[in-house]
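The chain below stands alone and is given in structure tokens; this is the form predicted on its own.
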């Protein structure tokens, strides 16, 4: 050991080994001697070296778990506040606070925060960043990435004694022991690095400052459109016209020749809700077009086109609709219709079919000028006597006014099931208690009393409020 080393602070002792086996033996020896602040450096991963050194399991997984939980909680609270409190907005008919809809963002933030926890936790546990390590001053240590193995005892270890540590390492078969002292290289960070770091930090603030200025100032110039195709999208709503297609229809019909899996059905009455034989006798041209559409053939012949004259009334009024559902009505069939109705229809028409769905409520809340309220299924004009089952089926399939057609989303049988459920809903409004099974009448009476009591309380509260 030179005199120069005696004047410098000692950081530890390092020993060199030529094989993995000798290194593992040395690790076990210093572990058994009571040293805990030790480390080993090898050119490749060595299985079992942590046990040989007596290294306890790292705390890092718990840091990553804490980060993940923090990300999950942050994501849920953020979405609940944004979507349910600060700016309530209905998306696809979901409730304002919809945990299933929040899961994608919650998952992403859980992974992100857990990654941050693992990354920065590893830095903290390893004392990083370190711009200098005294052990690197030893030229022989460069072989740690090649063909040599090194064992290091830190001077901060409570059992550390320089002479005793050197003697102990000398007994482990090493041919080289070196005292690790202070690094002579400069500890000053280069000026160009500091200048670059400061410049990067300063530049990173510019976008935030520009955005902040835009939020508190006004401008007479139109805003800059970063994505003009999104700001001025040519997308059209259902039942609107467009110049993109020759027939001016924004809603596109099924591609000719396309048959959905499991939907091969040759009964056109079942597919259209129309009495086709009767239609062919009163409007042959339209009957032929329907046949050709569902038969997936070409365009109607010129002759056929010339035969038909424009009907004086709306086709909705002149079409011979099926009067009754072509499928036998069973309890299971109606329940299937209820399921489909609740999924596809209730967002606008409401669960009870009165047109008070979430989307309609939101439109009224924000006073949307272009919103057309959905029809109540309980208005007389939609009852079976005036609105046949086939017509209701066609409305579900092809849409009406702003309501899009659902033929592409709901199977034919399920659309008929919805028709059956709507009829059940309508009949339920005028049903007498005598039609209810006797064992359920008491429950209904209790529910009726509860509702009447609640309505009375609300009315009384309104009267008191007006009186004040």
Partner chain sequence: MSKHAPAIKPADDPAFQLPSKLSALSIPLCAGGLFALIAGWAIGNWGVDSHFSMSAYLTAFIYCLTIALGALFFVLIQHLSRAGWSVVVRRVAELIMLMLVPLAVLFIPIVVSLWTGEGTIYKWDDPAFAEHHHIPAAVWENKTLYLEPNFFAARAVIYFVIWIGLAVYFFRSSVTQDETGEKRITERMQKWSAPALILLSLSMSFAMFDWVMSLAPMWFSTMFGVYLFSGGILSAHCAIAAGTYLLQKTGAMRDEVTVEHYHDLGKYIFGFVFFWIYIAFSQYLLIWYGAIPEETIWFYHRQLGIWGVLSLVLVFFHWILPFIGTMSRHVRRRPTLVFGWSVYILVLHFVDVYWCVMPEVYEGPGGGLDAAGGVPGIASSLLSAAGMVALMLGMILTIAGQTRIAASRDPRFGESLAFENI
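These numbers were taken from a predicted model, which means no experiment stands behind them. Numbering follows the first chain given and starts at 1.
Below: the form predicted in complex with its partner chain, not depicted.
field: Check all three, 47, 65 and 104, heavy atom within 4.5 Å of its partner chain in the predicted bound form
entry: Every residue of the candidate spot has a heavy atom within 4.5 Å of its partner chain in the predicted bound form.
query: Does the 4.5 Å heavy atom contact test between residue 98 and its partner chain in the predicted bound form come out positive?
result: Contact check for residue 98: yes, within 4.5 Å of its partner chain in the predicted bound form.
query: So in the predicted bound form, does any heavy atom of residue 28 sit within 4.5 Å of its partner chain?
result: Looking in the predicted bound form, residue contacts with its partner chain include residue 28, since a heavy atom lies within 4.5 Å.
query: Using heavy atoms and a 4.5 Å limit, would one call residue 15 a contact residue for its partner chain in the predicted bound form?
result: Result no; residue 15 lies far from its partner chain in the predicted bound form.
query: So in the predicted bound form, does residue 94 come within 4.5 Å of its partner chain, heavy atom to heavy atom?
result: Contact check for residue 94: yes, within 4.5 Å of its partner chain in the predicted bound form.
Stretch from 425 to 433, 438 to 446, 410 to 418, 39 to 47 whose residues place a heavy atom within 4.5 Å of its partner chain in the predicted bound form: Of the options, only 39 to 47 has residues within 4.5 Å of the partner.
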